[in-house]
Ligand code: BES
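Below sits a lone chain in structure tokens, taken as the form predicted alone.
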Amino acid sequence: MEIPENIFKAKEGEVVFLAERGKTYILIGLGKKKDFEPVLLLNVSAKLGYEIRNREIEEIFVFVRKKFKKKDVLKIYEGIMLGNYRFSEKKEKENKKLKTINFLNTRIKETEFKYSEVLVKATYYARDLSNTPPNIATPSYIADKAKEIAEKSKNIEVEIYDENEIVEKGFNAFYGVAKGSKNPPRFIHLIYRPSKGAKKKIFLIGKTLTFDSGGLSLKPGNYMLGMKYDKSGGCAVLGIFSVLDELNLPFEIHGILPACENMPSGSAQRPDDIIKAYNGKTIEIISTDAEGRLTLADALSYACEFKPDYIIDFATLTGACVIALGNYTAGLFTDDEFLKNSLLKASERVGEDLWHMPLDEKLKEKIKSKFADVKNSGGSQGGAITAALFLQEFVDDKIPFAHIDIAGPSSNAKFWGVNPEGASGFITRTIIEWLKDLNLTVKSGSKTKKD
């Protein structure tokens, strides 16, 4: 069919729908040739997927240009599927969904889409769980989801500690956050063991606040809206674990989710309280709304007992990180060169933006306490950095550790990148890509730690 020049300019992300003889043709612009790169193709394809979703189209045929390589076609698939996502589980009427993508003019086999399908599946899982409202997605609900994953897998087991066991084990920093809510906390420990010997031991820790009111340091009402997304870190961990069997990695991978609500009540933690964390350090509570780092403190200390090769946490931790980097970029805090470089490369490849942030030792002064070993807030200036420095207090300095603050890109009010409105599932694809890269690095015998 002929396309009038005034209708389609092929600008980046431009989508035009044309109808002829009962068929709909979709044109999508890739912009200038000199600006083309695979990530651009991913985002443009996501916009196509989003437009298809909104029109409730169930089957499409994608004509692939001959110069596109296999990796380009896979990016098109990933983009369409990620942009096509819709959370409609709680609506009375289900929307029609895209069921089939047919690729024309390419010889790629169905089996070659497997890894792309895994990335999409894990992201969908993380998004679905993160989007689930807090009256449903309580800590016990998250624990049940972890059980489901373990029950479906021959390689994954799970340990779940209830509120009594949490107190008995000495997870006091975590329990201090949880004790104001009528919904009891759950400390969830997932373990993936490969069928053959493990070459590395890796801990993935996700902040899992199923709702955050701020506790007694109560948030204003408009700041509470969207706090269902405060569990996004833990949801990403579960998204990753939901596909580990399919990835068949030679690593022992642990997932830790300290799941709880932060609510105000007569039993809630107070500003001025001093608590003893799992590793024995005392913490002065400055703000009960700086709660995520408290739950992570015990999780990190617990992880160190297993002497892992790497610990990575991801958390919707600070508004300060959003102020510094905006809504679309996560802050990466690590002083380990291998973790820094490998995570940045993995994130760039899948189109999730990370920015390496400084761990300015001079700012440690802000979290020093006159009455305890450390305090849980250093104020607004450098807030994302002081939060990361706080977390470092609970990690053995011999263990390579990275903290990723996903507060900005974890959710969104409108479509951007590959993300429709709601939860993005951010960091899920980066970590899966990082694990795949680590496997290749280990196989090649390359160095993975500081000299």
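Only a predicted model underlies this, so the values are computations on that prediction, with no experimental measurement involved. Note that residue numbering begins at 1 and tracks the sequence as displayed.
There is another form of this protein, the form predicted in complex with the ligand, and it is not shown here; the text below is about that form.
The three marked residues, D212, K219 and G319, each reach the ligand in the predicted complex, with a heavy atom inside 4.5 Å. Taking the partner from the other structure, the ligand in the predicted complex has no heavy atom within 4.5 Å of any heavy atom of I205. Among residues of the shown chain, R293 is one whose heavy atoms approach the ligand to within 4.5 Å in the predicted complex. When contacts are judged by a 4.5 Å heavy atom cut-off, N135 does not count as touching the ligand in the predicted complex. Using a 4.5 angstroms threshold between heavy atoms, E352 stays clear of the ligand in the predicted complex. Here the chain stands alone, but in the predicted complex its contact with the ligand, taken as any heavy atom within 4.5 Å, falls in 226-234 among 329-337, 295-303, 267-275, 226-234.
Proximity to the ligand in the predicted complex, defined as a heavy atom within 4.5 Å, singles out one entry of I404, V44, A407, L391, which is A407. Contact annotation: of the candidates D72, D289, E163, E284, the single residue with a non-hydrogen atom within 4.5 angstroms of the ligand in the predicted complex is D289.
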